[in-house]
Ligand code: AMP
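In structure tokens, the next block holds one chain alone, the form predicted on its own.
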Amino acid sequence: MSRVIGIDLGTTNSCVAVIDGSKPIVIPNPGGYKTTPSMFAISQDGKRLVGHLAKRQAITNATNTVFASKRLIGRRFDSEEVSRAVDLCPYSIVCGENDDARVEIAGKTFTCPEIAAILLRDMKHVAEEYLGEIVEDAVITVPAHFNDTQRQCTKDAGKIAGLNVLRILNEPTAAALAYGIGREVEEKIVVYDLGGGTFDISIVELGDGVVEVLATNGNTFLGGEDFDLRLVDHLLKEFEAQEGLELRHDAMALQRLKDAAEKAKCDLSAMQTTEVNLPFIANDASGPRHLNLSVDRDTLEGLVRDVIDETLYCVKQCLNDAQLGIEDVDHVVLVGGQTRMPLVQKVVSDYFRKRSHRGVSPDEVVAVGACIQGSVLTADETDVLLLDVTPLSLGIATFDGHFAALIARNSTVPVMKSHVFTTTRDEQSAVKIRVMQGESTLAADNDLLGEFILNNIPPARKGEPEIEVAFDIDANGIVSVSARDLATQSEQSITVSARGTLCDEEIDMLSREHAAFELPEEK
């Protein structure tokens, strides 16, 4: 049996790890880097580029270079998040056939699972080059607060990439696994995971080889990208005030600004002041214009303080769900590259009244935890028991437009619950069941996972038929539904196809298509 790799499919960077001997190791790519930019591009001559190769040419080929596509996966084109993503984004985001958000570059439209598959295939190739053997099995991580559609799309991406996805694992849970390996003390930890595009908070209890997630919360559209965009917007306004020129519709200028903003943000984690110097950023009748601005740490912190404060709302909710106080937390583990920012560290330390744990790499720990889980699933490691939870409530839309939750958020998975439904009209022969996921009491405010119609109900007065519908969430957090007519005992299994996911035929076709492309190696 081939070895199982763990892949952290990140918004900004991706990472792959494997158990080598008895220890997990992070696998470097051919360029020697342990993380790879989650970027994909089609060059001017039609070549497909991934990772560092895509990033290096992003400025000169901005409209054909895709970054932060993880923020779009499993989302409707008309959603508020996609509308925000379109702002200051040089590549085109378009509406797909299923109203899903897709990416259009170099005259070709890609689904978001396709883009994710290209990144995953690159991680698969990195692992195979390092190990000298074919890799088939993988554990892939996702933000804990991803809904069913986003998880399904990620699993589809793994299949397109030629991987057998053993488990879709929550990122903070993976980090807790990596943190807890080899530790014999019983403790409750908080995993504060602020990455490039998403934020998760999980409270985990460790002890006697058991990793039990008590509660989780988060925001799937909050992360380092927002910090970058705040700084980009600040630089745009400063330049416009000085030069009277608008750069928001110049794709190359925007990409240069984004790169400069990301670098300045990182510099300000170590320095109090940095310079943003972009010569020839624009040109008009009076000649070339240059951007040369000084940015200090206080300015950056003022721009993003409300974003950091927003994470604390999720933290408070998570503590309430776990029925714990701050004093019950033994350690706080910071995960994700954005937690290197001094203000983030200070806000978290002040809130929990303790210094955060610094013993794990915020960029690599999730991939390490994923490969550990892969080892557990293949019985190479039997001393660890993982108990994870579902981040969102699951239920159905009722006749009056309300949401009836059958499985509450933070229920330990796998879990199955059933409910008996009935008819609302005399002689009704069919009922429509709309499966929803979310926390609002109004069905319209939650995510529609899918809907189906049960036919051939025996004629009866309204309220008499009894139809038992069972909801099941597996260990991947993915939902399935079955139904049974209690009068006739006839049973039917229904596959809920989430909006924006791909059918098996599409996955097979895309897998063959993408396998035909040989990507150049990074240097």
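From 1 onward, residues are counted along the sequence shown. In this text, all values refer to a predicted model and were calculated from it rather than measured experimentally.
One more form of this protein exists, namely the form predicted together with ligand AMP; it is left out here, but the text below deals with it.
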message = Can you confirm whether 145, 200 and 410, the three residues that make up this candidate site, all sit within 4.5 Å of ligand AMP in the predicted complex, judged by heavy atoms?
response = no
inquiry  = Does any part of residue 266 reach within 4.5 Å of ligand AMP in the predicted complex? Heavy atoms only, please.
reply    = yes
query = Heavy atoms within 4.5 Å of ligand AMP in the predicted complex: does residue 195 have any?
reply = yes
message = When the contact criterion is heavy atoms within 4.5 Å, does residue 262 count as touching ligand AMP in the predicted complex?
response = yes
query = Taking the shortest heavy atom distance, is residue 338 within 4.5 Å of ligand AMP in the predicted complex?
reply = yes
ask   = Which one, 222-230, 448-456, 421-429, 318-326, holds residues whose non-hydrogen atoms are within 4.5 Å of ligand AMP in the predicted complex?
value = 222-230
note = Near ligand AMP in the predicted complex, with a heavy atom at 4.5 Å or closer, the residues from 10-39 are 12, 13
